[in-house]
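Let's start with one chain on its own, the form predicted alone, as structure tokens.
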Amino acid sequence: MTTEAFNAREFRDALSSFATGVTVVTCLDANGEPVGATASSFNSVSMDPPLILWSITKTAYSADAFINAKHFVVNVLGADQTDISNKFARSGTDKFADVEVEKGIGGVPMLPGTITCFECEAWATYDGGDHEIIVGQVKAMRSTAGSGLVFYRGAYATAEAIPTLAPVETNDVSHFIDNYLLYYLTRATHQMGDEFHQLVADDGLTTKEWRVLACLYNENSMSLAELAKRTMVDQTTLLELALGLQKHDMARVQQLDSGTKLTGTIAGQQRVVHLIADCQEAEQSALEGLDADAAETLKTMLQRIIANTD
């Protein structure tokens, strides 16, 4: 029996075809401060005793807190809680700001509006390669009706029952989008970005944080206005994000007479150097079948479109 070789990207792509629910796992750190992280790696283990598990990247900032916590809560998000998912997926910010929580087992915060909460006592942890697998025994739970939030192929979706429908008749007429440039640009961006943005999320960064660190990786210093244009993030949000990165020494923010300037750091470069390599690999895969000249021509054409529409 032979096993076909595959690389890490192909493995991630295959895993992304399995739709998962979206949760936010919460606990208290050694100082009693609340900690939370968005996770889709949640699963049931045992009915008797009632055990569940989830896993966290060992390099995540909150990894130690969760590994050493005596209690934790798995908050299963509803379809209308993408904002909560994004909030707790973001690093370097006060995730519990403006969030009214209840205290669950061991004083662990429980998030409002979720469709299910599992209050757990730590059962065991296991080495899972670059992740730590955390098993908990469910001591209490609450659940309400509602559609769950789902993550599928790098994008949010909703979980709904599939109704039985009659076949839909189709024809072979051409459609407007078949010859519409923006459709092709959008679809190419979506398909290229899905798999890589999942890599970024799995690595503990938000897409916006990745864009900032990637821009500062080579430029080193940029004005807030120029970086906002490069990252496609408004200046107010960008400044808040940059201040969060500064707390972890991944960027520096300076207020100058000429305006706000952001500067990259060695720690910021080291944080994304492996993602830079992944990004380049994704580009090579997307450009497969095009020679170097054709690829360069394509980039030049897109640069012209950007200039024309700026």
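Residue indices: 1-based, along the sequence shown. These figures come from a predicted structure and were not determined experimentally.
Just so you know, the form predicted in complex with a small molecule exists too; it's not on screen, but the next bit is about it.
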Each of 41, 88 and 151 near the small molecule in the model of the complex, meaning some heavy atom within 4.5 Å?
-> yes
Contact label in the model of the complex: residue 95 to the small molecule, heavy atom within 4.5 Å | yes
Does residue 28 reach the small molecule in the model of the complex, with heavy atoms at most 4.5 Å apart?
-> no
is_contact(residue 183, the small molecule) in the model of the complex, heavy atom dist at most 4.5 Å | no
Would you please decide whether residue 57 lies within 4.5 angstroms of the small molecule in the model of the complex, comparing each non-hydrogen atom pair?
-> yes
Of these, 278 to 286, 60 to 68, 255 to 263, 242 to 250, which stretch puts a heavy atom within 4.5 angstroms of the small molecule in the model of the complex?
-> 60 to 68
